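Here's a solo chain for you in C-alpha cells, the form predicted alone.
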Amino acid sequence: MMLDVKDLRFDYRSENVLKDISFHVHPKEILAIMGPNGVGKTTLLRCINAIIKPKSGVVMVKGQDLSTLSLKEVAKKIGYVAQYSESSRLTAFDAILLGRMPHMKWGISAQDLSIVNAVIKQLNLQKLTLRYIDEMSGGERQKVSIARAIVQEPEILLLDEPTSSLDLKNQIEILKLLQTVIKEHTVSAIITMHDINMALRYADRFVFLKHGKMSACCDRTSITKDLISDIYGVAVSIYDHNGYPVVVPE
C-alpha cells in the first residue's frame, strides 16, 4: 500500500472530531474523502500531513510511521495543497520553486531548477511562469499550487477542496490535471470534495465520513442511493451516464 491510516482519532479540546478512522490508498489512486460540512475532512488531511497531531492512531507511508519523522522528512513524502492558495507578490516560477525547499541543502541546485522547469512544461504552465500570483485567477493559482506540491517529489498528494470556488471549466481542468499527475508521477492522491458527481467521475475510491466516523470506504460500483441519503440526509436517485453514476436529489 502507498498509505495506511489505522485507528486515527483526533479530539479538539473535549470534543471528539475524528474517531477510529482506518483506510488505505493504493499506488496511482485518487481517493476522495466525502461528507457534509464540519464532519472533519480537512482535519483528517491535516492529521495525515502531521500539521496537527492525532490523539491516537498511526499514519504510514510505504510502511513508515510518519510520527517518527521530522516535518522536513514528512514534506518529502507528502505534498499538501490547501483549500485556499495565498495571493502573494511572487512569480509562479518562484512559488513553484518553494516546493523544493525540503530537498535543498546549501541553496538552489541545478537539479532543483531542472525539476521545476520539467513540471512547468508538463503542466503547460509556461505562460504563467513570470506572472505574479496576485495577478492570477483562482484556477491559475490552484494549478501553481499543485505544481509546487509536485516538485516536492512526494509519494502522496493531499488536496483540500481543490475545485472550491472554481467554475465548471476550471474544475474539470484541475481534476484532469490531477489524473495526469497521478499517472505520470507514480504518486497517489487524497482529495476532499463536496461535489459528489465530480468526485464520482474523477476519483477511484471514496471514504464517507459522518459525525466524525467512517461510514463507508468503497469504489463507485458500491455507491448506492441509501448510502448517499444516509450521509447527506437527502433523498436521492442514482442514474448511469456513460458508465458513471450521477446523483440527483429527489
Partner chain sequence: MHLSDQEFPQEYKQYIGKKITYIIIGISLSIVLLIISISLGAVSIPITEVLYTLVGKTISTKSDIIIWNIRLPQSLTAIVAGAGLAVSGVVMQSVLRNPLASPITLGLSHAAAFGAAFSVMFLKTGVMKASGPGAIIISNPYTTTLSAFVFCLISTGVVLIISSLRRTSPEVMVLSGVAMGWIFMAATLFLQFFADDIQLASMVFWTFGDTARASWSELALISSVLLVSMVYFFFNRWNYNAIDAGDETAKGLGVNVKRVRIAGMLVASVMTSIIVALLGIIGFIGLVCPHMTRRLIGDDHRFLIPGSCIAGSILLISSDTTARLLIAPHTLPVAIITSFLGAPVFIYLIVKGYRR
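Positions refer to the first chain, counted from 1. What you are looking at is a predicted structure, and each value in this text was computed from that prediction instead of being measured.
Same protein, other form: the form predicted together with the partner chain, not shown, and the subject of what follows.
Annotated contacts: 222, 236 and 245 are all free of the partner chain in the predicted complex [non-hydrogen atom within 4.5 angstroms]. Contact with the partner chain in the predicted complex, defined as any heavy atom within 4.5 Å, is confined among 199 to 207, 53 to 61, 26 to 34, 66 to 74 to 66 to 74.
Among the residues 170, 164, 122, 179, the one placing a heavy atom within 4.5 Å of the partner chain in the predicted complex is 122. Shown alone here, residue 46 lies within 4.5 Å of the partner chain in the predicted complex, counting heavy atoms only.
With a 4.5 Å cutoff on heavy atoms, residue 137 does not count as touching the partner chain in the predicted complex; it lies far away. Taking non-hydrogen atoms only, residue 39 never approaches the partner chain to within 4.5 angstroms in the predicted complex. Put simply, residue 115 is close to the partner chain in the predicted complex: some heavy atom of it is within 4.5 Å. For the partner-free chain shown, 94, 97, 98, 99, 101, 102, 104, 106, 107, 108, 110 of 94 to 111 come within 4.5 angstroms of the partner chain in the predicted complex, judged by any non-hydrogen atom.
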